[in-house]
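Just one chain follows, in the form predicted on its own, and it is written as structure tokens.
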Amino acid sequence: MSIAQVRLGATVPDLPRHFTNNPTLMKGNGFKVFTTIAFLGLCLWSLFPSFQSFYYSQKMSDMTAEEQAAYMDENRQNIQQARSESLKLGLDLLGGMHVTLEVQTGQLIGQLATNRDSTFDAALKEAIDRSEAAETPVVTAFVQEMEERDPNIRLSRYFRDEDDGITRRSENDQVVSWLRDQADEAVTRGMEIVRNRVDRYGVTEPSIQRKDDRQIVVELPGIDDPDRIRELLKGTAQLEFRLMAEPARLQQVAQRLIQYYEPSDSALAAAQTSTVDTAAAADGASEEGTALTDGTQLTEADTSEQGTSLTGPDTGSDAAGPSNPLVEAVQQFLPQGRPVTIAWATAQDTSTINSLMADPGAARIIPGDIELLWSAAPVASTQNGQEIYSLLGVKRQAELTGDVVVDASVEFSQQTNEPSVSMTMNAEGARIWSRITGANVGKQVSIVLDRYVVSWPNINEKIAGGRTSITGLESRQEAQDIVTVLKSGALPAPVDIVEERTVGPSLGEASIRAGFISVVVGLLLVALFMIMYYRTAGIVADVALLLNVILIFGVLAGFNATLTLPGIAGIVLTIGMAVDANVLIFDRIREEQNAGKTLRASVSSGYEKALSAILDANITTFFVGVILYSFGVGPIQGFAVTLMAGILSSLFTAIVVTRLIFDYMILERQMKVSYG
């Protein structure tokens, strides 16, 4: 066949009919075909990370522990990205711990009051009881109690905060608004504290969400020690200000720790005999400072281009034989330009280093007045995406605690627009702070929360008056994080566990297996029924059904929803509802055929007449899903999300996809479609 023949409209008897241009199909269904392909492609793209994650899991399940660790190191970034973007599984499928925490707003109000009396205490106690009984905000209940006891009462009599504009002349509305802001901020601080602690526990993909005006829901998958988590979440946040250790002493400590873990017996013996007497450490500081000369060689090694590592001259890495476990665990010793940092290490190696530091012999090397703490946030990352944390030397004794911080905020320089943190202390804190900063100008002070160093700025001058500015921050986010920590340390409201559920991993696996079986069995039964009852049309409905399941999972993955056991029930329910729409359409088509219409006219009329009934049923059910999601919690919300996604996808497949297939079969292929 030549090109000329085609252009002249010559007969093309050998060309398959479905390759010809059918203007009727393309004109009416072009947009539908495009929408279907685009929707399907988008859902498959959303599910691709889930397929990747499943592939990695299956591949690693056949490996030994050593092979898994090596494979994880090589593919860490891809594996973490696949896991973070894959379809999330709820605790009932994955196993783990569900905890509901409640910020004690009543105690917060008591702490905020500057002038309490018997009326205040009685009203607050009654308000807490009323709030628990009626599930109303404590602030609202407290104001109601106070106004019921004295309609003319002025709340400014009990509360005063000059920084926030609450004075004795403030109206009740101002005070109430301020109390609500403080209660709201307390929950935000509580979430930040919980997040910091959970991150440090090493939980993969924890979920920390605010439930209402005072509750925080924490879901921790894969937890095998609920008691430890319980204590971790209930503990009181401890914010401290500590001076950093002297860099010269840290260099000595680093050198001795390396020597201690040298595999050579002579090096080990030398390190053990040179341990620092912890009791005499403080007194011997000047002598250790003199010994800085000993660390000169180490400093020179540090400044080399390779850097920075003390391992080169000491370990003899080229030699065969046992290696130094401490050197192997760290990324870099005494990183250049960071005098108070003793080492850098990846997050997964921090536990190994902690274990090595806990060894009695290694612990004796660390002077008694110095403590090695990890930075709260990563300071760098490796080429394969692993986050690196600093191991910092700080003084063991806290100079101040977070109780003295009364306010903190983010400010910007008028000249450079650089962010800074403004921190205000109370009178007692300001007095001590002035003495500390005055005696340590040029040194660094650390802000430590829950034994993790949040920031370690330099002291540029003596700070009197209690107002401090922390400058040199990289971004507004860093400034905001420090502000949150400073306020968290001063959190006056305790956080209690009010609900707790634990699901074992084996139960989660059993739930996944049972859910998978229920979906497959339900799908097969419905598919068989549709084929037996509607013949060819039943096969079309089954194709739409399979597509419907793919679209549901794609929508859930695309919107970062969590699949739970009730969610699987929602999918099974949706499978039934999806064929219900097809049943309505097919029966209508049957009626039209029985009335004597052609197949093409019957299909058109069948879809048109069944549409209103299908929309009525599905829209009604969809609104039920909206209500369940709005007022439900946990598993109920998971069921509602799956149900709503299933309704939308089933409407699309039943009305659009099946019609496209029928148009193709009837108009394009001239097929005789049986509707049973």
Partner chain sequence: MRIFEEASYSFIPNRRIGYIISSILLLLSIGSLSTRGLQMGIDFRGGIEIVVENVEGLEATDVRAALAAPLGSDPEVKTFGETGLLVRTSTELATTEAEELVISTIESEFAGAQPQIVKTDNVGPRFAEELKRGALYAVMGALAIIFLYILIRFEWRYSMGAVAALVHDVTITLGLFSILAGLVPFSLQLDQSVIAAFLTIVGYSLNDTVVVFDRVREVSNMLKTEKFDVIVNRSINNTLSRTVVTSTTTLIVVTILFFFGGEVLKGFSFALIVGVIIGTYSSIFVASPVLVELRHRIEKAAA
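Bear in mind the structure is a predicted one, so any value in this text is a computation, not a measurement. Rigid core here is just the name for the largest C-alpha set that superposes within 1.5 Å across the two forms. Positions refer to the first chain, counted from 1.
The same protein also exists as the form predicted together with the partner chain; that form is not shown, yet it is the one meant from here on.
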task: Could you tell me which one of Met63, Ile627, Ile37, Ala69 places a heavy atom within 4.5 Å of the partner chain in the model of the complex?
output: Ile627
field: Of Phe142, Phe241, Phe120, Tyr534, the one that lies within 4.5 Å of the partner chain in the model of the complex (heavy atoms)
entry: Tyr534
message: Quick check for you: of 128 to 136, 144 to 152, 454 to 462, 246 to 254, which stretch puts a non-hydrogen atom within 4.5 Å of the partner chain in the model of the complex?
response: 128 to 136
- prompt: Heavy atom to heavy atom, is Ser50 within 4.5 Å of the partner chain in the model of the complex?
  reply: no
query: How about Ser57: is it within 4.5 Å of the partner chain in the model of the complex, going by heavy atoms?
result: no
- prompt: Any chance Glu591 has a heavy atom within 4.5 Å of the partner chain in the model of the complex?
  reply: yes
field: 4.5 angstroms heavy atom contact with the partner chain in the model of the complex for Ile223
entry: no
message: At 4.5 Å, heavy atom to heavy atom, what parts of 83 to 103 sit next to the partner chain in the model of the complex? List them in sequence order, or say none.
response: Thr100, Glu102
- request: Determine, after fitting the two forms on their core, whether Ser605 shows a C-alpha shift of 2 Å or more between this form and the one not shown.
  value: yes
message: Gly522: after superposing the rigid core, is there a C-alpha shift of 2 Å or more between this form and the one not shown?
response: yes
query: If you line up the core, does Thr350 shift 2 angstroms or more at its C-alpha between this form and the one not shown?
result: no
